[in-house]
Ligand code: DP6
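In structure tokens, the next block holds one chain alone, the form predicted on its own.
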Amino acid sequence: MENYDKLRLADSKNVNGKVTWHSPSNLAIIKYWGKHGIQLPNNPSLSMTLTNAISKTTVEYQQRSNYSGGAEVTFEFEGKQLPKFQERIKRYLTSIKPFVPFIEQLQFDIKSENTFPHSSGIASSASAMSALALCITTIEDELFNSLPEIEDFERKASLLARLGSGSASRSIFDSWALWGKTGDVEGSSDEYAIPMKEKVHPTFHSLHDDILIVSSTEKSVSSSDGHALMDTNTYASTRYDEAKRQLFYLLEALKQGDIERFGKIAEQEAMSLHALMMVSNPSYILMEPATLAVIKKVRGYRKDTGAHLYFSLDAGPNVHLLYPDSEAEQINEFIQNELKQYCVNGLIINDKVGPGPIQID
């Protein structure tokens, strides 16, 4: 087990610095819904890392002269001080102290912003917490030179991100990532995610994900509360078994470049996620009428044309439209002519599988 005690600053030091990371959201095709312990998943999940739906986070830090165990932080989101989120960030930083003991020795001033609506079901916690975790991991490496290999850096960043938001563990990696222990993939772990790009057919390296913003309002039930409701969900154990089977079939589809099989699994997983919400106690519905209208249009278009256009949903009402780059022109025309009308102010985030986080000098 790694000795984290060495990651402490000498009181005689006086360090300060600034780190900025841009980190993307990700879309889980196999959904993670339900957890145990300290942010550990009840089933493995597999996701595609996005390009344009990102959080931009800057952390300025300086050494504190006095400290007593907790983190010291100020936080701004898109230029505004948000006490609720500042307190969440403070709790998070304090919680990761066992892995980065120097946390209590520093004062952090954090500024963050998104390129997409917050709390509307585009995994904003994944991009935000992964960006913050990358900043903290970078600070560790700068202060202690403790993570010389990129694999070590990414693993530590993914572990720290997971402790803030389970799905954030996957945003550390470009293209495709897997989080959760499974006998189907060597090296997989509940503690951190692993990269999957090399196990995926080139067809899926350029997969499009157009995100239709059918609602920009904050969700009525947070993802954290939704996960907690799985503890008493009658169908929970059935769901976890289903997710493991679906993962096996998805891995085969991704390896072989089978877009039709991929699309079928993506849609089944999306509907299963929202079905679990509807049968929880208390039950809730995050889909909007426009969500269902878009799904019906997509199914009709696919039936009429044979196009490889599929939908997915995250824990919110907005619709992710997945399709290969080779069919982008005709599908874009359909989206503009038939689906844009359902979006708030016509807002569509044109995204695709991306290169992962970027550190900004």
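As the structure is a computational prediction, the values presented were derived from the model and not from experiment. All residue numbers refer to positions in the sequence shown, first residue = 1.
Another form, the form predicted together with this ligand, is not on view; read the next lines as being about it.
Of Q105, T182, S215, S223, the one that lies within 4.5 Å of this ligand in the predicted complex (heavy atoms)
None of the others qualify; the residue that does is S223.
Partner-contacting position among I331, A315, I54, V59 - heavy atom within 4.5 Å of this ligand in the predicted complex:
Partner contact (heavy atom, 4.5 Å) among the options: A315.
Closest heavy atom of H227 to this ligand in the predicted complex, within 4.5 Å or not?
Contact check for H227: yes, within 4.5 Å of this ligand in the predicted complex.
Contact of A28 with this ligand in the predicted complex (heavy atom, 4.5 Å):
A28 belongs to the contact set for this ligand.
Does at least one non-hydrogen atom of S165 fall within 4.5 angstroms of this ligand in the predicted complex?
Result yes; S165 sits at the interface with this ligand in the predicted complex.
Hey, in the predicted complex, does N42 get a heavy atom within 4.5 angstroms of this ligand?
Result no; N42 lies far from this ligand in the predicted complex.
Since the chain is shown here on its own, which stretch among 165 to 173, 246 to 254, 133 to 141, 69 to 77 would lie within 4.5 Å of this ligand in the predicted complex, judged by heavy atoms?
Answer to the contact question: 165 to 173.
Contacts with this ligand in the predicted complex - residues in 260 to 284 whose heavy atoms fall within 4.5 Å
The one in contact is L273.
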